[in-house]
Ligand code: PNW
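First, one chain by itself: the form predicted alone, in C-alpha cells.
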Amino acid sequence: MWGVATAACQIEGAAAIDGKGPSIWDVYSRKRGSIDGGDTPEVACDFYQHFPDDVKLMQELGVKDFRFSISWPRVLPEGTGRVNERGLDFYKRLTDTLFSHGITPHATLYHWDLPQALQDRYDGWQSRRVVEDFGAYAALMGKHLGDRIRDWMTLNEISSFTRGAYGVGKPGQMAPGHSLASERDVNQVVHHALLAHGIACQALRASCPASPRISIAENYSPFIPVLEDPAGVDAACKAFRRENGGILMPILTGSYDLEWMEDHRDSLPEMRPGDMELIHQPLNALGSNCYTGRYVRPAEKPKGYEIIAWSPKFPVAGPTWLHIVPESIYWAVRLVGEAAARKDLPIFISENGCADSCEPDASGLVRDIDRIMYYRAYLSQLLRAVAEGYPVTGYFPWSLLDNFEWARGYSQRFGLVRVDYATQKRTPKLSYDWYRGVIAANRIV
C-alpha cells in the first residue's frame, strides 16, 4: 500500500460548524502560551470544505490508500448520547469521494481530539469511565461507517496523548496539559488508554457489517545496535522489550514487560481481573509511526544495554527531537518479530516524515529536497526489511498537507503539499512529484 496520512484535528478546521462539539485541543489552544504563535485548529487546512479537491490531489499523486481520523466530538458533540448526523454525513461523503477516485479509506478512531464534554464530566483519560464511552463510540462508527470502511486503527500514539499531556508535578505539553501528582497517576492514564484500545477492537468486530481489519498506530521506540553482531542485536532486543514494556508489549503479548514492571514497581497502575485479556485483542496488523530511533550497545549494567546519548551536532530533520536515523524503520519492523515474538503480525508504516522550512521560489515551487533525502534514506531501510522477508504491507508518509502541528501550531510543515493558511491555496512540493514517481514505479527513485 502506497498511501498518505492525516488527522482530523490537524486538517479539518470547521471547529464549531455543523454541530461539532469542542475538543480538548480546541479549548487547550485558546490558553495563552500553550501553542506557538497563539495558533488554534479552528480553521487549519479547512479540509472539511476542501476535501473534494484534496482527494483529487491524492489521485494525481497516485496513492490508493488514505489514512485519516474521525473526530469524536464531530459525531458525538457531548462524547456520548446524541449523534450529530451532519458530522456522520461528512465522513460518508468523504469515503464515497475516496471510493470514486479509487482510494481505500483507513480510519483512526482517536487521534487526540477527546470531546471536551468528557474532560469536563470526569477528567477524560484520567477516569476509567472513558473506556466504556470509547467502546460505545467505536460501536457507533462500526454501525454507521463499517459498510464503507474495512481498515481501522483504534488509537494513535498512546504515549503522546498520555505521557505527553500529563506531567508529574508540572503540566504536560499536549492537551489537556494537566499536572498529576505521581508517576502512578500517569501510568493509570496509560492503562485506561490500553483498555480503550481493547474495547474498541471488540466493539468494531461486533458492530461492523463486514469483517473489519483492525490495527493500532503506535510510535513505539526502535533500537539500533551500534554493531550488528549477536551481542548488539541482543542488546537491541532487551531495550525494545523493556523500553516499550508499558504500552506495546501488553498490546502484543497480553502482559506488561516484567522488567518494565520492576522499573515501575512503585508506580504500577491498578489492574483489575480481565484487564490484560481485554488489552490483548487479536490484531490484523500493526501500524508503526516511525520518525527516529535510538542507538544501543551491550553494557555490563543491570539492564544489559546502554542507550547512546545524542551528540549536540547529530543531524535533525526540523524539530529538535527528530534525529535522522534511517535504520530505525528497519529495526521498528524487525524487532516486533525478534524481540516481541510476533513474527506473525503484518506491519505497515502508519507515519514517517520530517518538517521542512522551504518557501516557494519565484516559480512557486517548494524545493524540499531535505524531505526527499529523508524519505529515500528511510525507504531504503524499509526495502531491506522487505528483502529479508519481514511482513511489511504499506507505507503512509506524514503528511499529505502542511497542518496544525499540535503545540508547534503552524510553525512546522510536514506536508507533501504546501498550504497557504491565509488563502487555503495548495501547492504540491518537489517531494510530491518525487513520491508520485516512487508510486508509479513501485520502487525507490
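Since the structure is predicted, the reported quantities are computational estimates derived from the model, not experimental observations. Numbering starts at 1 and runs along the sequence shown.
Keep in mind the form predicted together with this ligand is missing from the figure; the text below concerns it.
A.B. asks: Find out whether any non-hydrogen atom of W321 is located within 4.5 angstroms of this ligand in the model of the complex, and reply yes or no.
C.D. replies: It does: once this ligand is placed as it appears in the model of the complex, W321 has a heavy atom within 4.5 Å of it.
A.B. asks: Given that the partner is absent here, does Y378 sit within 4.5 Å of this ligand in the model of the complex, heavy atoms only?
C.D. replies: No, no contact at 4.5 Å.
A.B. asks: Is there a heavy atom of H111 no more than 4.5 Å from a heavy atom of this ligand in the model of the complex?
C.D. replies: Yes.
A.B. asks: Does Q10 reach this ligand in the model of the complex, with heavy atoms at most 4.5 Å apart?
C.D. replies: Looking in the model of the complex, residue contacts with this ligand include Q10, since a heavy atom lies within 4.5 Å.
A.B. asks: Determine which one of 57-65, 384-392, 35-43, 406-414 lies within 4.5 Å of this ligand in the model of the complex, judging by heavy atom distances; exactly one does.
C.D. replies: This holds for exactly one stretch, 406-414.
A.B. asks: Between S328, Q281, Q126, N219, only one gets a heavy atom within 4.5 angstroms of this ligand in the model of the complex; which residue is that?
C.D. replies: Of the candidates S328, Q281, Q126, N219, N219 is the one lying within 4.5 Å of this ligand in the model of the complex.
A.B. asks: May I ask you to choose, among Q188, T95, Q116, N289, the residue with a heavy atom within 4.5 Å of this ligand in the model of the complex?
C.D. replies: Flagged contact: N289.
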